[in-house]
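Presented below, as structure tokens, is a lone chain in the form predicted alone.
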Amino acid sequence: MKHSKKFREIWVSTDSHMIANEATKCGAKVHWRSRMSATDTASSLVALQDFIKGHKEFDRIGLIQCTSPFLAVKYLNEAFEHLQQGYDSVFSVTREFKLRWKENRPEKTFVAVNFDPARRPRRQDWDGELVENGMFYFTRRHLISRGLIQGGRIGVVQVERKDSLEVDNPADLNLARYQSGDL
């Protein structure tokens, strides 16, 4: 975020004194999360709503997820270009070429979600799907106030598949270490 030189201020949202100390050492400001927004089950929207309650001076808010270890300046720069072009919200996606199925329970039946099995495409012959990867979200205050992260004129930044890893469990952390050469 610092290397992009696009942010007027960088805030770290936490309820941990240890994280707050590290954030301050790196030049970030600290937003102390409320008890309600600092749980394992609180959504990103809840965290954003908590932040805007105490920071009325911001119209545009960027949420950068610390669980995305391969965030790159080029992705942030592209997001800022979209914002300069008048987009209300911009978020990161990855293009996937996977044929998806949905399981209906309790019957244990399966239905194709994004293709017609009678006209099964070769994955190489279709445009694929854009899937949120959780790396970042930029949005406007009024959308957050309405309970939305995305809305209005929406733009996306397509993140390369190799950079789109989300660290949500120990196996993901090991994969990130391997991918970065730390393992």
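Heads up, when I say rigid core I mean the largest set of C-alphas that superpose within 1.5 Å between the two forms. Quick note: we count residues from 1 along the sequence shown, nothing fancier. As the structure is a prediction and not an experimental result, all values here were calculated from the model.
Omitted from view is the form predicted together with a further copy of the same chain, to which the following refers.
Shown without its partner, this chain lists K29, H142, R123, H55 as candidates; in the model of the complex, only R123 has a non-hydrogen atom within 4.5 angstroms of a further copy of the same chain.
Contact with a further copy of the same chain, judged by heavy atoms within 4.5 Å in the model of the complex, is confined among 47 to 55, 66 to 74, 148 to 156, 29 to 37 to 148 to 156. At a distance threshold of 4.5 angstroms between non-hydrogen atoms, T109 is in contact with a further copy of the same chain in the model of the complex. Although the partner is absent here, F80 lies well away from a further copy of the same chain in the model of the complex, with no heavy atom inside 4.5 Å. In the model of the complex, a further copy of the same chain sits beyond 4.5 Å of every heavy atom of I10. Looking at D172, you'd find a heavy atom of it within 4.5 angstroms of a further copy of the same chain in the model of the complex. Contacts of stretch 129 to 146 with a further copy of the same chain in the model of the complex, defined by any heavy atom lying within 4.5 Å, are made by E129, L130, V131, E132, Y137, listed in sequence order. The Cα position of W101 differs by 2 Å or more between the shown form and the other one after fitting on the rigid core.
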